[in-house]
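In structure tokens, the next block holds one chain alone, the form predicted on its own.
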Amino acid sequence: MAKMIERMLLRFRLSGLGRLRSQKNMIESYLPIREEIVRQRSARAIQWMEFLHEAKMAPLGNAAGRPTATVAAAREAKVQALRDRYRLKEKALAQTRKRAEAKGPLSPEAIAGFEESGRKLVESRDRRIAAILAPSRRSSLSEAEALRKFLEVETEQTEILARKKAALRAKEEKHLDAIRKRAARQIAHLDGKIAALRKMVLERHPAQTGDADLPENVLLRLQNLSMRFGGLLAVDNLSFDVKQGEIFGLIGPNGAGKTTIFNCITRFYRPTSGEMFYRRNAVEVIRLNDFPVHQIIRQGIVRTFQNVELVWELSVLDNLLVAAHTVYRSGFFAQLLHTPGLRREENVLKAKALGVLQTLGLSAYAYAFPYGLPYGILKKIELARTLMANPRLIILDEPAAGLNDKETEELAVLIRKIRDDYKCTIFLVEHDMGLVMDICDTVCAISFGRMLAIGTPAAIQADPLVRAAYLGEAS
């Protein structure tokens, strides 16, 4: 009974620690978004000031032959559109003359008629362009007086506009400074609570390893794992450790049981026998056998599949946001009422998704639909989706399947980058031995569900049992 209460207290305190860290991460992640919102609001206000300034100066500028930038741009657009229309008319006239010449020699009168039509087109075009570019003379003032008045008013209004912009920017900086200070106070307060709660957990709860004496550097342990399908033994008494921060490769011939092992770890299959232990945090090791499949992702374990499994009706960005459903802290009523807290979470997760896409070189596809995208891009999207759930262990099932040599090289760079940037462990099954031997720190070779060898890539390549399984050589 005492042990049960102790475990309940540990779970309660660890849950509280997770909530505090989540609040801190939310504040840190939302701060740059909030700053950008303030800057955009100030930029829109400045644009509106400039528009009003131009609107006020437009009549005087037209009268003085000094159109404002907006008026000048509008006139230039009109002139370009007019030139395009007359270019089409000239082309049509040339085609008409060409067809007439194809029927026989033209008479002098016909030639003169075509030349006269061309000259009239040019004159009409130049006259209309001059009318567009001519200054508007709706003022009773002379041109010199209109110019003098325009320069006086422009100087005065430009100074007023500059003062308003400076005041707005000062207000913006003051607002940003207040936001940063408030966020710093909140983060400092949360840091204190996190440190105190973490100290309490470490002092009052020694490492909870259950039945597994799991070393601190081991993230996942499979112990005597077996999986039987009727009379077929797919996994046979398999045991190995996956260390934190490493890239661990599982290799073997087709039908060796590699994907079955992944399905056991992620609880798609219930193992016939054996134990699976996973270090959820610094003080707690859990037994994965006790968790249903839908709770595995909440422990920080995510995976991809051999086949591309995307929501084809959603954009690439929305596919990533769907994968972040376990990260949301807002409850049912917050979702129902669409509270400000929920909107903040959505902004943060959208910014995170865009950052992940940029990291993986997929920014150009953010708002595209998966239909019709190259297969290599689809595999990258699946890899990007795993990063939205804050993973500690990423399980990749044949990530290089269907990729060409160049795409496989890019994938190797990406896997290392994900491991280093996101501080997670990679556990992969792959048939491309070049990729496995290039990126893996540890390789485990199996055949018919049994362990053949485990060690460094060089040791696996030299192992006679592995060579016999792959190449048919005598051991």
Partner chain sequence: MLGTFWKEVRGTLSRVVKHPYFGFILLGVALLIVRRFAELGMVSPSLYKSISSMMIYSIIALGFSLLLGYAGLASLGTAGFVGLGTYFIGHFSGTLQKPFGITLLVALGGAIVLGAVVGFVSLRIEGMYLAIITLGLSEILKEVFKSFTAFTNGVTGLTFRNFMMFGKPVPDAAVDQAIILVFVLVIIATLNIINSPTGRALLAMKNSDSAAQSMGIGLMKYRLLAFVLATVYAVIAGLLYMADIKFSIPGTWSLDFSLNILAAVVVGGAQSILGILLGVFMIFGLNMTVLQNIPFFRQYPDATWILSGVLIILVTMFYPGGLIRLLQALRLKIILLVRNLRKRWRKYRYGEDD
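In this text, the rigid core denotes the largest set of C-alpha atoms whose superposition between the two forms falls within 1.5 Å. Quick caveat: nothing in here was measured; it's all calculated off a predicted structure. Positions refer to the first chain, counted from 1.
Just so you know, the form predicted in complex with its partner chain exists too; it's not on screen, but the next bit is about it.
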| query | finding |
| --- | --- |
| All of E172, D432 and T442 with a heavy atom within 4.5 Å of its partner chain in the predicted bound form | no |
| Partner-contacting position among Q306, T155, T326, N404 - heavy atom within 4.5 Å of its partner chain in the predicted bound form | T326 |
| Proximity to its partner chain in the predicted bound form, single hit among I286, V283, L310, V348 (heavy atom within 4.5 Å) | L310 |
| Any non-hydrogen atom of Q335 within 4.5 angstroms of its partner chain in the predicted bound form | yes |
| is_contact(L383, its partner chain) in the predicted bound form, heavy atom dist at most 4.5 Å | no |
| Proximity of R127 to its partner chain in the predicted bound form, heavy atoms at 4.5 Å | no |
| Interface membership of K91, its partner chain in the predicted bound form, 4.5 Å heavy atom rule | yes |
| Heavy atom contact within 4.5 Å of its partner chain in the predicted bound form, the stretch among 287-295, 394-402, 182-190, 247-255 | 287-295 |
| L362 C-alpha relocation of at least 2 Å between the shown form and the other one, rigid core basis | no |
| Core fit, then R287 C-alpha moves 2 Å or more between the shown form and the other one | no |
| N307 C-alpha moves between the shown form and the other one by 2 Å or more, core aligned | no |
